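Next up: a single chain in structure tokens, the form predicted on its own.
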Amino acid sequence: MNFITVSGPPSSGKTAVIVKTIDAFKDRQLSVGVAKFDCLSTEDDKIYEKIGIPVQKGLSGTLCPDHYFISNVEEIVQWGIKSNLDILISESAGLCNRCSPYIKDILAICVVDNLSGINTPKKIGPMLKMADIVVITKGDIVSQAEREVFASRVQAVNPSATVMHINGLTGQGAFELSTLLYDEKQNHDTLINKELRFPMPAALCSYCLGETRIGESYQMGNVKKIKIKELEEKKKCSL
């Protein structure tokens, strides 16, 4: 079974891109399933069910969605294999720009949209920089010049990625994307012993364990403090 990971910021158009790409896969008689990961709630699984796509939904709740994804991805892969899928697509939650839910040797797609601003590619970390394919959506809402500038900013951040434009409403560009995704040589029966492309965000502090009070005396564990020059100089003077 081919396994593909799709991630991107919130409301960038991940589900629309996946749905239009699945339509192209159906024309090739390929069996496709989706694993939808999210934080608190999602209705996207109903969208896939409506078009007859096997889907599993996982909500991370109070946990980091990245950590939740990687802790459950092997179970999802085994479900896909038992369901006799040719392709399994995992759709991540609308992640923070720091997140990195990509696995070595597993095709990684990042979906970003033109409306997020031309400086957004610089603000996105491993989620964009480590992707194999970057899909840019909502290009029909901005000018040609804005599309080109945004695409060049994406290419500057990730020079090795294939950059594509897809219209999530009409599906324009989805067929071209589908031709890049399925590879008979990239079949996987397990992800055990595979590695992440980049370490996930690290945090194990008192707030992770349920602390709600504010103040340095309540902060323990992996805590990172902001450096304010004026306050540091004041502390030195008092010493």
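All residue numbers refer to positions in the sequence shown, first residue = 1. Keep in mind that this is a model prediction, so the values were computed, not measured.
Omitted from view is the form predicted in complex with a small molecule, to which the following refers.
Though the partner is left out of this view, D44 does reach within 4.5 Å of the small molecule in the model of the complex, counting heavy atoms only. Of the heavy atoms in N72, none are within 4.5 Å of the small molecule in the model of the complex. Within this chain, I166 lines the site of the small molecule in the model of the complex, having a heavy atom no more than 4.5 Å away. Although the partner is absent from this view, D105 stays clear of the small molecule in the model of the complex, with no non-hydrogen atom inside 4.5 angstroms. Screening 136-144, 120-128, 73-81, 149-157 for residues having heavy atoms within 4.5 Å of the small molecule in the model of the complex returns a single hit, 136-144.
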